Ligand code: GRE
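There is one chain below, alone, in structure tokens, taken in the form predicted alone.
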């Protein structure tokens, strides 16, 4: 399919590059991976051309500024990353758009940077890489906490999507992974960490306070669609601490948009299609952690969807979500 729009597509700057090394494969692949994640020119654009991706909405790589405990340093890196993305969009406005990186140490500071990126730089929303480390490596903050309500008020006022991207849990808070570090990363721990964070948002009353919020998740929903029925069913017996006014599944189905990034599997896709409204399903690749070719080859050929749905999920839904000036 030609004309696809992808929006879990990553870029590094010098200050965040080393954070990706654990996800780049063996040491022999590092040089190639480094070139791809830093590149915003011909190599990326040619790969988009080959795979029918018209527009990539770029974001700073994970864990990015969420891994920087010092608030001032994180703000400096966020601004540098956002300015780099803005330069790429200015050079290739027909091929790139951008999502803001945000330091989430302080709701007001994050709100200011998001406002700058949206109103001055023309960004389409933000991508935040899970919890924020604050002060030291073991102090982490999740965004359902009351201290972040002022930030969510800004997101609602700007009316832009918030993409919640995975990251690994810090070792001091994850003894269950002891002796099995492979589990902490993308094979399993990414989905565990991100799905719990998403469910915390659903259970916090956030969407009652700001009913227009739109949250994006990758990898076909970080395993939540498979478990959503059981979550609601069992919460009939265990709702202690739950602050939502409606069933959790109502919030998830209403407020969450899911992408195909890095999960190119027909069975998982069927489950997502059966669970989530079709206006909230989108194509994405997860480049360069995944190959654009693999993402496009699967998406363009899967018989799980019709050609009309392929265009809807691959293009039309994203145009509406991000209010793009495209047909």
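Positions refer to the first chain, counted from 1. No experiment lies behind these values; they were computed from the predicted model shown.
Omitted from view is the form predicted in complex with the named molecule, to which the following refers.
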Every residue of 162, 255 and 282 near the named molecule in the model of the complex, heavy atom within 4.5 Å: no
So in the model of the complex, does any heavy atom of residue 55 sit within 4.5 Å of the named molecule? no
Find out whether any non-hydrogen atom of residue 68 is located within 4.5 angstroms of the named molecule in the model of the complex, and reply yes or no. no
Is residue 186 part of the interface with the named molecule in the model of the complex - any heavy atom within 4.5 Å? yes
4.5 Å heavy atom contact, residue 190 and the named molecule in the model of the complex: yes
To test your reading of this chain, name the stretch in 284-292, 39-47, 265-273, 297-305 whose heavy atoms come within 4.5 Å of the named molecule in the model of the complex. 284-292
Would you mind checking 207-244 for residues with a heavy atom within 4.5 Å of the named molecule in the model of the complex? 219
